[in-house]
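What follows is a pair of forms of the same protein chain, given separately as structure tokens and numbered structure 1 and structure 2.
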Structure 1
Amino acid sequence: MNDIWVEKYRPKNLDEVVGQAEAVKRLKAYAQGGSLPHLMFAGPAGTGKTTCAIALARQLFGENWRNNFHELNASDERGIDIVRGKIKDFARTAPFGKVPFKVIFLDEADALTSDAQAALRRTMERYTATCRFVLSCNYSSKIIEPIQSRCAVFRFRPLEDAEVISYLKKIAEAEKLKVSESAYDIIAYHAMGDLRRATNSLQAAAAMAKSIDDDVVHKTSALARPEEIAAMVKEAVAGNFSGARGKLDKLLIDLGLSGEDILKQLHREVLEGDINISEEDRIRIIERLGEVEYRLIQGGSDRIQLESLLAWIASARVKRTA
């Protein structure tokens, strides 16, 4: 239990990577050929970008992979000095072993400033003979076009629930945990395709009990049950603002959820839940959710903004049925 399961069970080679079949197939071809262009991995968090980069390096370099693979996080050092200093120094040194190049893995590359990206473009051109770059980002649109055009782009998608559950079952078997099927479903539901989040949720639940059911998962996930969110929306839709506000109080005070957490779950329940509303009403609520999210990001009060959302839903419903 002392190990972080995300690292303990991180795939060691490309064959063990969960999901991303198309990306893995292409990366295997590069590894078998012993050569690769500059790469860009783009996609949401927890979908395997870092894992694929490390697994690729292991298969390319074998035992020397640590000497030939340098990982940097651009969100820590995002200015032009990091490109002119650490990246340039590593890029121009000779590689170890038979492979004629090293690999620099630049995580969260979309956090680099525009000046740093311009300097990186020149570095990528100059040291191609001794170094390849693997850039990882959540949003490829934040990477300047000259860099994108120099990379083979890989799109990573959120994992399917079945893929997440299959991976969690392997961990549970290795850790000798007893996990109910409903608990797996809830972890996958909350993870939304993020395998790292799912693994951390399972480890948090395992710290509380060796026999894990849905109650244990909810207590350790710091998220509301879908039915609690749905019940709050249904009260507002019915025009019962006081009832909806009471359920919101429970989420904010008893569970200690943030406004953004509640808003994300609200969005999902309105789109996918069993709330009986017309398509027109669904569209109007989603539009309003976007406005409230913007206000929260700008520093608005969680309680005031969420209560205003519930009041809007309740009053809009009363007006339409009057």
Structure 2
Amino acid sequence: MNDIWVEKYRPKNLDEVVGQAEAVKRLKAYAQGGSLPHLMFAGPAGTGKTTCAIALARQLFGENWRNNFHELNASDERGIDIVRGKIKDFARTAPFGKVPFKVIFLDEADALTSDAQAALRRTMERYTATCRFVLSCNYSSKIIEPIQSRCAVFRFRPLEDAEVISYLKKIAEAEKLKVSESAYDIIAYHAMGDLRRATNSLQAAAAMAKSIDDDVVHKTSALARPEEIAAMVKEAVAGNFSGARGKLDKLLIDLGLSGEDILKQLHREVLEGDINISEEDRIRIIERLGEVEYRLIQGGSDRIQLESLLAWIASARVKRTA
């Protein structure tokens, strides 16, 4: 292996995109016509939003597509400065070569603050002669109305297990892997329609063993779920706040997870994990998770809010079933 498969096998043109038939059909029409409105791709991770944006650019601009395609990730540069700086600088210069416009792909646009979104709206209007925006987000509702109304919205749905598996099989064939049928099922089950995760899981498995069976993929599927999450919940449920906080420190500092990441993992753990509490208490905790996430969005700090959650679980408020 000499590359990360997520990149090596990323589809180069729209025809190769896995699933999303409806979206692909409409995008191909734009590519053939050579014109484009602003677009918004909404859907969960690993469903082809970035791939479609790049493939569309390749088909619109041909070989030198990179000159007229600019990719930015709003979650890494979320302030208003990115809109006023990088985006504006790229938007206002004329396209390169004989193309009518250039394309800015703004990934994770829902991470932009509302101020930044408002600034983005003005930029979209102002440079519409030279520039088209493709915004990607998990939920279109996190994008302010005026931007939504200026975009053609495309919904990307999680991929079917069968679609994931057929894509994995193509990779396996190209890489000459031996993979058992049930191993594919396990990878697809854990990937939950996320092709990036499925591909990473397969590659990690291939790096671990020559022949890929259930055992190997169980191990790689667990990779994306840090063991500290389960341990943290266990400590908290057992009433050991200090122990739980120790795990939390590790997640925040050593693994660099954000509060929202940790909440998502916790949600999964409380739903599916092997914890010694009643279903009623699970639901009470989940309600609390939602509350905490809302507080984070409002400006609460990751550490204090999560500590408070752990202290709540550790107190007698969650009754442990012996």
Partner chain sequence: MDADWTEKYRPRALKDIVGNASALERLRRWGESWSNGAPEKRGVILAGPPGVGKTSAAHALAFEFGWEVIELNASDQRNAGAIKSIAHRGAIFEGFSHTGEFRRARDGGRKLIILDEADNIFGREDAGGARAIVQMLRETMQPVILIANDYQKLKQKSGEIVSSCITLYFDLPSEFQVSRLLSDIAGKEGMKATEGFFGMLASQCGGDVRSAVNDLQSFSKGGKNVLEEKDIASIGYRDVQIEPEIFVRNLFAARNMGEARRAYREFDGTPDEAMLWLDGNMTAGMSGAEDLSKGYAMLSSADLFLGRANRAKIYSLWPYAIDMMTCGIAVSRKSRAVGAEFKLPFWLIMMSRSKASRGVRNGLCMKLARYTHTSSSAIASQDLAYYSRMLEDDQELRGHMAAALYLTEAEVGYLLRERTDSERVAQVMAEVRALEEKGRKGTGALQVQGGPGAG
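For residue numbers, the reference is structure 1: its sequence is counted from 1. Rigid core: the largest C-alpha set superposing within 1.5 Å between the two forms. None of the values given here were measured: they were computed from a predicted structure.
Engineer: Quick one, which of these two is the form predicted in complex with its partner chain?
Structural biologist: The chain shown second - structure 2 - is the form that fits the description.
Engineer: Which angle, in whole degrees, describes how far the smaller rigid part rotates between structures 1 and 2?
Structural biologist: Domain rotation angle between structures 1 and 2: 40 degrees.
Engineer: Determine, in Å, the CA shift of L223 between structures 1 and 2 after the rigid core is used for superposition.
Structural biologist: So the C-alpha of this residue moves 6.6 Å.
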